[in-house]
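One chain is shown next in structure tokens, namely the form predicted alone.
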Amino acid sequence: MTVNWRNVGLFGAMALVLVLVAALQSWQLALTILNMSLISAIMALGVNMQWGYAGLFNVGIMGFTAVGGLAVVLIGVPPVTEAWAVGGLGAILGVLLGIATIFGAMIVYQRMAPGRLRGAAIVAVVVVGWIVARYFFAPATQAIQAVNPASEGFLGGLGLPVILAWPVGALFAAAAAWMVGKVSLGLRSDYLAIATLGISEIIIAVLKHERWLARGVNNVTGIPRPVTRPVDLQPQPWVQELAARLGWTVSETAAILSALGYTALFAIVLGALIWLAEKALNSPWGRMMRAIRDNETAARAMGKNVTKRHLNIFILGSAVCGLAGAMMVSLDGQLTPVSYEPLRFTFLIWVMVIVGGSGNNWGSVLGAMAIWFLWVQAEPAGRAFMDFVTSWMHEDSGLRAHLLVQSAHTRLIIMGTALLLMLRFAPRGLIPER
């Protein structure tokens, strides 16, 4: 296999940029950018599977990422014993009855002949099911939320090793994708976009308002981490010796070592996903997916079940996004539902895929690293630029104060400009699809 030295050079340039950040700013900042770049690369890889392989337009990345983050709370956080005692069974029973109501309505819809009687039966099942589920669910959740609401007020999780939440997050996202796909795939592409956007907003609304599940807007903090925390590394003698040899502070050394641990874990996961994605893309299955993407009519004429294949790739890509969401919450050590915004978890990921090169897995990785670097560095660069431009103005100048305050929006200007330039001069991305 021939080596594409242009692509190697692009990744080398990205590595050089990170080294310069470490040398001119700090190693901790460089590793933070790298770790978030690796997580973003995994999200971009999931979107690239959907769009680059099959042409599916998913604008609900935020929701699938949040579902993966929720898995970390449900798996890694210790259970709140008192909350389970006062309302755990009631809450679970209420949820199960709600699910049973939905399936009951579906069975009535399938078994009965169309007509007013079927409509009345569906309404009856939904109303009765809602009343019964509410009877158990409402008092149980109120009792749960009343348990030490300042720091708890939720059921907690299973208390298992947090790294087990990563595959569970992928499964949660895959289940949500299956529900969306069963409803909207096979229809026009804009229906899929609307459905994914809607389900992502519903997921975020549930995370914000169902406090018994994950504390809602009160956030879940102190989540166990897969890598030793810096504060736990500082007392270690070998860490103190290493800090003395390098001439760094103990706290800085511990933070860098902890960040390196995350880098190793994330790199292993990304490497495994890239290897699997490349194998799949270059297999008969991958060629079939690209044939469906390029001409659905011809693929159907060849006997391919396009809707089923679309569902498969949609579930697969969403599962990868859920995995990335679980990894991000593990890195942060907290779940904050208000932080899930379309700008960060949908628009930015799409920019990464487009800039990197739609349909190329390595392009998605490179695009994620380049765009995340710009996203982090654009605001301080804009501030420095505004400081330079307004340096001749008086300190009490209203125009100077206004420009300095508005410098935070430089990030959005730079991201939009970068996307426009790429679409104009390199519409196929930095590493185009072969």
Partner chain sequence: MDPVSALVTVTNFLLIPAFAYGSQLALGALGITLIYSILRFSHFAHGDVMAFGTMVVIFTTWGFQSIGITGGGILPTALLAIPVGIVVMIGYLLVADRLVYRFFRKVKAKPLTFVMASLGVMFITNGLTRLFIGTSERRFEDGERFVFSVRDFREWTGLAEGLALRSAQFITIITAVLVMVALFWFLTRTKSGKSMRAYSDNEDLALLSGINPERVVTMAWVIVASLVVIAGTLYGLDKGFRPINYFQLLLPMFAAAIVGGLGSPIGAVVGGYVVAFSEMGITFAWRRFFSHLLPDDMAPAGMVQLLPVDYKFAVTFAILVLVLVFRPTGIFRGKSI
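Bear in mind that the values here come from a model prediction, so they are computed numbers and not experimental data. So that the term is clear: the rigid core is the largest set of C-alpha atoms that superpose within 1.5 Å between two forms. Residue numbers count along the first chain shown, from 1.
Below, we turn to the form predicted in complex with its partner chain, even though it does not appear here.
Under a 4.5 angstroms non-hydrogen atom cutoff, its partner chain in the predicted bound form lacks residue 372 among its neighbouring residues. Residue contact check for residue 279: none of its heavy atoms lie within 4.5 Å of its partner chain in the predicted bound form. Taking non-hydrogen atoms only, residue 343 approaches its partner chain to within 4.5 angstroms in the predicted bound form. Proximity of residue 403 to its partner chain in the predicted bound form: non-hydrogen atoms within 4.5 Å are present. Shown alone, this chain has one stretch from 300 to 308, 328 to 336, 282 to 290, 347 to 355 that lies within 4.5 Å of its partner chain in the predicted bound form by heavy atoms: 347 to 355. With the partner omitted from this view, the residue of 178, 248, 135, 109 that lies near its partner chain in the predicted bound form is 109 [heavy atom within 4.5 Å]. In terms of contact with its partner chain in the predicted bound form, the residue from 84, 103, 130, 275 that brings a heavy atom within 4.5 Å is 130. Taken together, 6, 26 and 243 are entirely out of contact with its partner chain in the predicted bound form: none brings a heavy atom within 4.5 Å.
Within 4.5 angstroms of its partner chain in the predicted bound form, the stretch 182 to 212 places a non-hydrogen atom from each of 183, 184, 187, 188, 189, 190, 191, 193, 194, 195, 197, 198, 199, 201, 202, 205, 206, 209, 210, taken in sequence order. Relative to the superposed core, residue 20 shifts its CA atom by less than 2 Å between the shown form and the other one.
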